[in-house]
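For reference, the chain that follows is the form predicted on its own, supplied as structure tokens.
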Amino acid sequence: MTEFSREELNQFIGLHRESKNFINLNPIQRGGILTPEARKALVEFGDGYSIYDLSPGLEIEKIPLVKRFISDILPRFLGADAVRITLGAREGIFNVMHSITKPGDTILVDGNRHYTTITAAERAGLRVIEVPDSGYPEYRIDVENYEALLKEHKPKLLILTYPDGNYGNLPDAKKLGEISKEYQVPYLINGAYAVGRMPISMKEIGADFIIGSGHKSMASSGPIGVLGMDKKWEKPLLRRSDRYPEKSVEFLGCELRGSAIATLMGSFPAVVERVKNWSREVENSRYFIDKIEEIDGIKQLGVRPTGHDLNFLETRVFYEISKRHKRRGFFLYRELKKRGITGIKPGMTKNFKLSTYQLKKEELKIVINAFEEISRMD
């Protein structure tokens, strides 16, 4: 057996986050902050596969409360006929690609797609055609541009990112649903930054599949995702193993196991309620953008006025300061940290994205004042 020194091993003990009580602007984390109930569930089910203590077997669908959550509650929430739990949004996207296409097929995706949409397609052996955005400064996706590419390339799947993870743009998802029905091409909506933050329904949009991210937008520890589908796609996606009839092939035997599902369920009542307050989140986001753009050298990129809490800022003022500051591009991260603010990646000064989700007006004012102070640095 390999021997380890005590010093080598002790370095892993007591891992902690210095900034856990800071105002966090990170879009990936804002919607994933656990509720008190989810934190309790995380501790309760943090031991290995302890979620299965609720069931006599190792099938998550045999745990009564979990079964009801997946087979009844989540489908109603997503506007879907059936739902499965995945390791994250990217895995759900791959599950769909792998089950309803074959290598060499073509798919259409929006130009603002997440990089994992491409890697999932590469893994499935698919040819990807991108619907371009409008470019600087809005990066708008016009879904009507899918139509010409549909006619030309005869794709087997359409994907729309709603909203995208850079600019928070919300394309006309319902219009694309109409187009997909006209051309009879299945349609997947990647709602990793929508499901759990804002009202969204797969059926109302006219999509065949909807993807959500528990750790990004449903107050879950993760990694965890949700995959909703129309009933006509249950057969290929939920097919069972020939040798192990209780096991799902596409999900490698069973769905997500462990504490993440417990936190997803623990937070769910609060998630349902907060979605009802989406208009307030948009109002706060617009207030923040209006105030932050009063600082000379800061500009929001993306569709205006913003319709989401995730936004992208062009910040020439901070970039100019970084050119003469002794810490160069890392000065902004350090200055924000001094003021109790985190979430902007170290080294970013020319532009960056942030989220105002569930921040109080008082907290937004603290962030605005901090940006204003830092912008005046010599």
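In case it trips you up, residue 1 is the first one in the sequence shown, and so on. Computed from a prediction, not measured in an experiment: that's the story for all the values here.
Not pictured, yet referred to below: the form predicted in complex with another copy of the chain.
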Interface check vs another copy of the chain in the predicted complex: of 156, 90, 286, 299, the one with a heavy atom inside 4.5 Å is 90
- Message: residue 28 versus another copy of the chain, in the predicted complex: is there a non-hydrogen atom within 4.5 Å?
- Response: yes
Check residue 265 for me: does it contact another copy of the chain in the predicted complex (non-hydrogen atoms, 4.5 angstroms)? yes
Can you check whether residue 49 is within 4.5 Å of another copy of the chain in the predicted complex, heavy atom basis? yes
Contact with another copy of the chain in the predicted complex for residue 258, defined as at least one heavy atom pair within 4.5 Å: yes or no?
yes
Answer among 110-118, 178-186, 299-307, 228-236 for heavy atoms within 4.5 Å of another copy of the chain in the predicted complex: the stretch 110-118
Near another copy of the chain in the predicted complex, with a heavy atom at 4.5 Å or closer, the residues from 26-49 are 28, 29, 32, 33, 34, 37, 39, 41, 42, 43, 44, 45, 46, 47, 48, 49
